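In the form predicted on its own, a lone chain appears below as structure tokens.
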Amino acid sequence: MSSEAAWVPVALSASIEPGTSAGAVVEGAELVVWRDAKGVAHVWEDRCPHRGMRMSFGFVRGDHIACLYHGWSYDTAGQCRHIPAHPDLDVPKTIKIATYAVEEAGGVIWTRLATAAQAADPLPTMGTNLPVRSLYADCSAAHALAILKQTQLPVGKDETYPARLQVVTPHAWTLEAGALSLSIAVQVIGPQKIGLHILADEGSVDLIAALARWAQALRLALEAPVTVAEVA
């Protein structure tokens, strides 16, 4: 991450349903994103302290998540509470998974990989909450920014308008065309891999479908080979 104080996106809120988990990567850091049965989102290090199994492969039961390998179960604070092979054991407090701050805003789950003592940057203001889709592309954030500066958005039947791009933070961009407004939460996975979580302020079923097709075309454009002329 460019700054541990920065809020970074890990998923669209709609993508993580209560009682489910998923893996995510932020600048090489492997994370598990999960919701307990009450719908509260959590972001942790994606590793069980026992044998290093990914917790994103595990299963959620109520307000606990259990490792798939040996069933070690952890509460919402990351503390191990139950080891099936030793059901009567008073589990040591040292068996704990690293947890990170979580906020949900604008239809996105945000986290920051910082200690509790570090001050947080302001949470990005997202004026949208209607999910379009998340897309993942093998390119840098800078390359994605350059492509989006030239994009056109579908605004009606067979109509597209040139989009105006604004960088709110390094992890939150907006695109506007006509009356349409999109927010893009930017997840930097690695030097040449990103996730773009795209949301709209409003839209009909047909418009959301058109935006989903636009997003698929965007992914192809992001991964298209760069020519010598473009580099120059």
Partner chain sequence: MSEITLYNHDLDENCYRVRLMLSFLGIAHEIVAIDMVPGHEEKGPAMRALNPLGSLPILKDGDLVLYGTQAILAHLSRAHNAAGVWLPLEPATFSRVMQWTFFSATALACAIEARRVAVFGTAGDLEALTREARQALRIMDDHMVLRHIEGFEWFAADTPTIADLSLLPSFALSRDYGIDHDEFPALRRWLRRFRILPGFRTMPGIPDYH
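Just so it is clear, the structure is predicted and the values come from calculations on it, not from any experiment. If you superpose the two forms and keep the largest set of C-alpha atoms that fall within 1.5 Å, you have the rigid core. Positions refer to the first chain, counted from 1.
The following text describes the form predicted together with its partner chain, which does not appear among the structures shown.
Non-hydrogen atom contact Tyr136 with its partner chain in the predicted complex at 4.5 angstroms: Result yes; Tyr136 sits at the interface with its partner chain in the predicted complex.
Non-hydrogen atom contact Ser181 with its partner chain in the predicted complex at 4.5 angstroms: No, Ser181 sits far enough from its partner chain in the predicted complex that none of its heavy atoms falls within 4.5 Å.
Distance check, Ala37 to its partner chain in the predicted complex, heavy atom within 4.5 Å: No, Ala37 stays farther than 4.5 Å from its partner chain in the predicted complex.
Contact label in the predicted complex: Ile109 to its partner chain, heavy atom within 4.5 Å: No.
Options 87-95, 137-145, 122-130, 72-80; stretch whose heavy atom lies within 4.5 Å of its partner chain in the predicted complex: Heavy-atom contact with the partner occurs in 137-145.
Contacts with its partner chain in the predicted complex - residues in 22-45 whose heavy atoms fall within 4.5 Å: Those in contact are Ala22, Gly23, Ala24, Val25.
Core-aligned C-alpha movement of Val205 between the shown form and the other one, 2 Å or more: The answer is yes, as the C-alpha of Val205 shifts between the shown form and the other one by 2 Å or more after core alignment.
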